[in-house]
Ligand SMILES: NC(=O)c1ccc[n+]([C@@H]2O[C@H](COP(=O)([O-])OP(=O)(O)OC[C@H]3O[C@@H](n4cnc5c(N)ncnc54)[C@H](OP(=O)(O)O)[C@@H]3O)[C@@H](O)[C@H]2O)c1
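What follows is a single chain, given as structure tokens, in the form predicted on its own.
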Amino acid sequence: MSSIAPDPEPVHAPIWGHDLTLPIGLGTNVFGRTIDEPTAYRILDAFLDAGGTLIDTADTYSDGAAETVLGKWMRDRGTRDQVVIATKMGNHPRFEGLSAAAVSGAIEESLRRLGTDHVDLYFAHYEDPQTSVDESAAAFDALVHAGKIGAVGLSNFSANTVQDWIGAAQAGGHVAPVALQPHYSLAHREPFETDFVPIATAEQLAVLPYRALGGGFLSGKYRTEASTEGRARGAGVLPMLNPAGQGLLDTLEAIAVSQDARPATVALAWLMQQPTVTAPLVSATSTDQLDELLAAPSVVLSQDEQAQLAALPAP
């Protein structure tokens, strides 16, 4: 049977001021793409009912449809004050890059689609080598002071550019980033562990990893090339069908049996128990799949189980 954590205290509060009693964020990248609006509503309802609050989206997810569906759900359910909304900008065709003009234009469109006057956390989605970090930091700072965003986050940045942005914010008297959204999981551990853990620790940044299940690979559903055929994520999983990947899945499955859990639940539990991780971001296409992920906070891996997983090479 699983080792159940006794009434866990709220996870370390993200610096932008919200306690997350459920240390998982719900990703919306599938909304309007692989699931329809009624299914999205059921998943959002189930997430909220389970105590979830952090919902992550972006202006490019399903060409903006993800933000629109989320906005309609918040309006229909009256839930805006019950959730923490994070969205991203930087690679939308109309607002590409991180110039002051792009930042100010993108937030207005996101707010319109979301049907709200502010978002709690606003991410720069990708680096913009054409724009100085001084300009970008000032543009995001202006949104904070205008009350349109609560805090600033960085996603898909190099460690050096994260440091540059923090330095520019300090030098310019601007609001500094409080969160990182890196690609990190048992299936993809670098460069986060080497390059970003020191920054997250030193700067007390909240870490919200995406692709927390390796694009579905860590669920154990994909074991052969044939199992990826016709699957939306099949192409992304194929490179991991190697001896290292198979060994990782074998260990996950063995631990899952001892924990009376699913491999995906164990993989997510491992990620949640990493010291710098605040809340992994997960997406689900059904409430059954969501239930499997929401079980992760109740799985407590032993030191030996954590060590077994940490010792394996990422595929």
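For every residue, the number given is its place in the sequence shown, counted from 1. These numbers come from a predicted model, not from an experiment.
What comes next is about the form predicted in complex with the ligand, which does not appear here.
Might Tyr222 be said to contact the ligand in the model of the complex, defining contact as any heavy atom within 4.5 Å? Yes, Tyr222 sits close enough to the ligand in the model of the complex that at least one of its heavy atoms falls within 4.5 Å.
Is Tyr61 part of the interface with the ligand in the model of the complex - any heavy atom within 4.5 Å? Yes.
With a 4.5 Å heavy atom cut-off, would you call Gly32 a contact of the ligand in the model of the complex? Answer no; every heavy atom of Gly32 is more than 4.5 Å from the ligand in the model of the complex.
Quick one: is Tyr210 in contact with the ligand in the model of the complex, heavy atoms, 4.5 Å cut-off? Contact check for Tyr210: yes, within 4.5 Å of the ligand in the model of the complex.
Go through Gly71, Gly216, Gly97, Pro177 and name the one with a heavy atom inside 4.5 Å of the ligand in the model of the complex. Filtering the options by heavy-atom distance leaves Gly216.
Tell me, out of Ala284, Ala40, Ile255, Met272, which residue has a non-hydrogen atom within 4.5 angstroms of the ligand in the model of the complex. Contact check passes for Ala284.
Verify the flagged residues Thr28, Ser155 and Glu292 against the ligand in the model of the complex: is each one within 4.5 Å by a non-hydrogen atom? Each of the three qualifies.
Interface segment, criterion being heavy atoms within 4.5 Å of the ligand in the model of the complex, picked from 138-146, 102-110, 118-126, 157-165: The contacting stretch is 118-126.
Can you tell me which bits of 170-187 touch the ligand in the model of the complex, meaning any heavy atom within 4.5 Å? Only a single residue, Gln181, comes within 4.5 Å of the partner.
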